[in-house]
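Taking the form predicted alone, here's one chain by itself in structure tokens.
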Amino acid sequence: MMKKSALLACLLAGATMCSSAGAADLAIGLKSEATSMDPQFHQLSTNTQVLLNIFEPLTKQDPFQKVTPGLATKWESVNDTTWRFTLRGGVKFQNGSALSPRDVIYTYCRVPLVVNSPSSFTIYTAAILDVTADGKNAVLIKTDGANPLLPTDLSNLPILSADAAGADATVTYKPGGKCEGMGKVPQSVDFNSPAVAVGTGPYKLDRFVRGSEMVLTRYDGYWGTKPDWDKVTMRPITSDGPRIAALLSGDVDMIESPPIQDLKRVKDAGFKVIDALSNRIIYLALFQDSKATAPNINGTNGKNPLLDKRVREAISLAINREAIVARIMGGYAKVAGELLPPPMFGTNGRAVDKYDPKKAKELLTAAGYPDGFEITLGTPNDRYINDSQVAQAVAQMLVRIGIKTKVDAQTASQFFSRRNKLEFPMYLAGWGASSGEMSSPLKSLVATYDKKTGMGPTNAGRYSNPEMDKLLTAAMSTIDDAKREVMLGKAEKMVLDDYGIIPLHYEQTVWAMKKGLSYAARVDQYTIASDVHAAK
């Protein structure tokens, strides 16, 4: 017999959400495809939003990024460098094994052992010195210095099953990827198998077919509130037109990021549209490694003009952000002067750079480039809302001040691979703050790249400001929230006043769905299937 919520979903939304056997199924059209079923491979929202249905961290973030209990029911600071996390009782993994401190230790041990991670999760574990069991239902985590953000950081590290991963009976934490008892550590491709991709979440992985679909089935042994759906099929439909068509035809019940220009048609067809301002900043990164040759820049006699602050400022002033928001984003965005929308934690009130092409030309001339130069702008064409259109608009605006800009657009998977190889002198990308506060974009996007410490993992522009690094490091070890917020604001201002990175706009996230569904819009933009419900 169908559960009441599932039956209600079928009655309200129609037959497409119900299989012939009477089970309640849900189909979601995604804008981008997850690159891996490994929750420690790539810190990418398209991965995270799928994997949070299967795996769960010790702490969770609600739709407004408030940290809440997950697999840990409570946590407390024992002293400045030690935290105690109490594990939730009665939790079992989808393979039947009980959650224990061993699983937590194994999870954090594996992070530095993931091969070829495009965005390493060591950014969250680099400061961890030790993880030990404190009895049968708690863990003690010791850090290198005070770490007030540890409970927030751990929300980004879902717990793996040590049994499913093939760990030894005893796992001992050692910093720097030197843990003992790890066995043969599975790599990302291994997680395509449901036998390895084992979590404690409300759904189990049924199958993952690259380019086609991810199918999840309900885990009846889940400790929390049971989800509404017996089966969820998540289909990557990267082109806007086909994604809209799939919704209108009933092939899917819900889609993310419907094209802004089609929203009226969607509403007129009887579908529900919800939206909310997100924490995602769309930005330009500029190649600033003084020890390397900048790729794809011509007309500068071999020099890298992006090393000159005046050139970077000229690029920012040449961009008419208001026009991009109005004409390309259809008003579903907000112009940005910072890396997070105020008044989120750590913002400093910096004004949006005004459109001033006259001053931009003057700055280029003063920098020694009166006739401009040629440059390539890399961008994904299927990752962010109207990403390639925004890049084209930016290119046209730069051409007007003499910077002849060629747009190199490709699919997200191609773009991220090339970006991580430092193939672009300038690129457009986005960042959603996983912690909901300023340390997230600072330590990932602009902190000096350091593989050993895990800082700057997404800083493919190789911007470096040692003074900012010093202030950021101090802020990240400051327990007092008020003091830490001021420090983060100052650190961000140092970067932005140096034009080390150029913010463009904050995305407004949009979802479209059948009227029989409800979903709480999230500032992190995640589309989490277990949070989709039958409308009441």
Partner chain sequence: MSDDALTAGLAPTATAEPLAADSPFKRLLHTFLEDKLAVIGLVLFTLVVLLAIFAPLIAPQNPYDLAQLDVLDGGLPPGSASMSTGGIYYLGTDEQGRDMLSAILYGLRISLLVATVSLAFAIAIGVTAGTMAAYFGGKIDSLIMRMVDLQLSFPAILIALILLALWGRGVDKVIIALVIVQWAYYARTVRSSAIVEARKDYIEAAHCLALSHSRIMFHHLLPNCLPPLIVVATVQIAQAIALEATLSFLGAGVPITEPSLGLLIANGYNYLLSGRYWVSLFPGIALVLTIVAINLVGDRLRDVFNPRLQK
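Positions refer to the first chain, counted from 1. Please read all numbers here as calculations on a predicted model, not as lab measurements.
Quick note: we don't show the form predicted in complex with its partner chain, though the next part is all about it.
So which of 261-269, 336-344, 310-318, 89-97 is the stretch with heavy atoms within 4.5 Å of its partner chain in the model of the complex?
Careful reading of the contacts points to 261-269.
Classify residue 400 as contacting or not contacting its partner chain in the model of the complex by the rule of any non-hydrogen atom within 4.5 angstroms, answering yes or no.
Yes - in the model of the complex, heavy atoms of residue 400 and its partner chain come within 4.5 Å of each other.
Applying a 4.5 Å heavy atom distance criterion, does residue 407 contact its partner chain in the model of the complex?
Looking in the model of the complex, residue contacts with its partner chain include residue 407, since a heavy atom lies within 4.5 Å.
Is the gap between residue 143 and its partner chain in the model of the complex 4.5 Å or less for some heavy atom pair?
Residue-level check for residue 143: no, no contact with its partner chain.
Test of understanding: in the model of the complex, would residue 242 fall inside 4.5 Å of its partner chain by heavy atoms?
Because a heavy atom of residue 242 falls inside 4.5 Å of its partner chain in the model of the complex, the answer is yes.
Of these, 411, 217, 132, 82, which has a heavy atom no more than 4.5 Å from its partner chain in the model of the complex?
Comparing distances to its partner chain in the model of the complex, the residue within 4.5 Å is 411.
Work out which of 274, 138, 277, 323 lies within 4.5 Å of its partner chain in the model of the complex, going by heavy atoms.
Of the listed residues, the single hit is 323.
In the model of the complex, which residues of 71-96 put a heavy atom within 4.5 Å of its partner chain?
Result: empty, none.
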